[in-house]
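Shown below, as structure tokens, is a lone chain in the form predicted alone; questions about how it binds or moves come after it.
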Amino acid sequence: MALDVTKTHVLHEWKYGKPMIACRYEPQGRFLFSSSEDYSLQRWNAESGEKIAWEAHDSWVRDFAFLPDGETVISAGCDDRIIFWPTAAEKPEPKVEVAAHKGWVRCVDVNGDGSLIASGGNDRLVKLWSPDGKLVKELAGHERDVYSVFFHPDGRFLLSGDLDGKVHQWEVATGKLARTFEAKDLHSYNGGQGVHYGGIRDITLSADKKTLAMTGLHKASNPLGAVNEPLNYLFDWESGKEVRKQPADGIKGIGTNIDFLSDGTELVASGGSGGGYLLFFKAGEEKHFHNLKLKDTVRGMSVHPDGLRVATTHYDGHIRISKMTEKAA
């Protein structure tokens, strides 16, 4: 599907009222799940915007993932837990609850056939779980907090990104470390503030499985003051070699999420002291060719299965649904 992203516009604004964090569309596209700083989860009807909200974790929820049939959603919380919920229940109650990590659980992903769930957190571990919440494997090797996990579509490999700007590629069957991608500029250390900052905020792979992409931030001259800019790294999957970096010069923020659209365009969500943006890159170019300025700081993004709608969560307590258009034949 060829897209004209220059016509991307905000289609809906859905108000929750408390600062929002993460979001994810379920695979069938019926619902959008989101989280808020009040520790609740929300389920939004993707067509009407109607919502239900419920108390979930004892802290923020940083990420979501779904089993392939869309009937189970998994939330990853900063209260050390992952919780499995029925997606469409009128009053969701936990199906499975797991004390997954010692410290924040920052990320979660599910492999293609739904047989394994991966989580990563501030204990610097990556863990693999069965759909009934049983620990299958523990992967140790990161030297700093794990920020993102991503299953390769073929199921053989799992990728995990950390605060140091390293992405480890693991063999799922053996748990062995196959190789490491180095995105050094996505990590910074400020000696005056004593802060390590940055990290691999999101990882994805192009549809042809040739390009590995990740996003985060660089130029963190004042981390505690949120002075930094988004940055993407692209790697050739086969060789493991860096292809290019893609800065968003002049935009103050963090690359929170990255995805490949149906025509190969990279879509990046950025939020920070400069506000909120959707940034559009061509994989073969260094600079973004278009951006959509949004009303408030973006903190999470998810692309609808239709490939046209994009949900973003915002600090001002809103979900914003932006829509791209197809190019005329």
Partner chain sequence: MARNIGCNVIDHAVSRRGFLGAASAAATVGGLLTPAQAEAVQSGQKRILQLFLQGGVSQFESWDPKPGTKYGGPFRAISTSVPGTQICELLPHTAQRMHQVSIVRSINLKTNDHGQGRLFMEKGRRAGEFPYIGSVAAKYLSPKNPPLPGYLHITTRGLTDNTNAFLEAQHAQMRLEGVQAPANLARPDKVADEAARRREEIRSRLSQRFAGRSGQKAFVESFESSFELADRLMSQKPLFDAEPSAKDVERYGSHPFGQRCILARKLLENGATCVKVTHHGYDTHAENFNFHLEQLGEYDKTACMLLDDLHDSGMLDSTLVMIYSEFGRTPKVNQRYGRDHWGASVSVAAGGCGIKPGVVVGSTNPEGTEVADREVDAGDLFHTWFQALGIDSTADHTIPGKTIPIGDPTKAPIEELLA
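Positions refer to the first chain, counted from 1. Bear in mind the structure is a predicted one, so any value in this text is a computation, not a measurement.
Form predicted together with the partner chain: not shown, discussed below.
- Judged by heavy atoms within 4.5 Å of the partner chain in the predicted bound form, the contact stretch among the candidates 40-48, 267-275, 284-292, 66-74 is 267-275.
- Here is the short version: of Ala88, Leu224, Ala140, Ala178, the single residue with a heavy atom within 4.5 Å of the partner chain in the predicted bound form is Leu224.
- With the partner removed from view, the residue among Asp259, Asp80, Asp164, Glu229 that has a non-hydrogen atom within 4.5 Å of the partner chain in the predicted bound form turns out to be Asp80.
- Put simply, Ser34 is far from the partner chain in the predicted bound form: not one heavy atom of it is within 4.5 Å.
- Residue contact check for Val136: none of its heavy atoms lie within 4.5 Å of the partner chain in the predicted bound form.
- Under a 4.5 angstroms non-hydrogen atom cutoff, the partner chain in the predicted bound form lacks Gln28 among its neighbouring residues.
- Although the partner is absent here, Phe280 sits far enough away that none of its heavy atoms falls within 4.5 Å of the partner chain in the predicted bound form.
- Heavy atoms closer than or equal to 4.5 Å to the partner chain in the predicted bound form belong, across 123-159, to the residues Asp145, Tyr147, ordered by sequence position.
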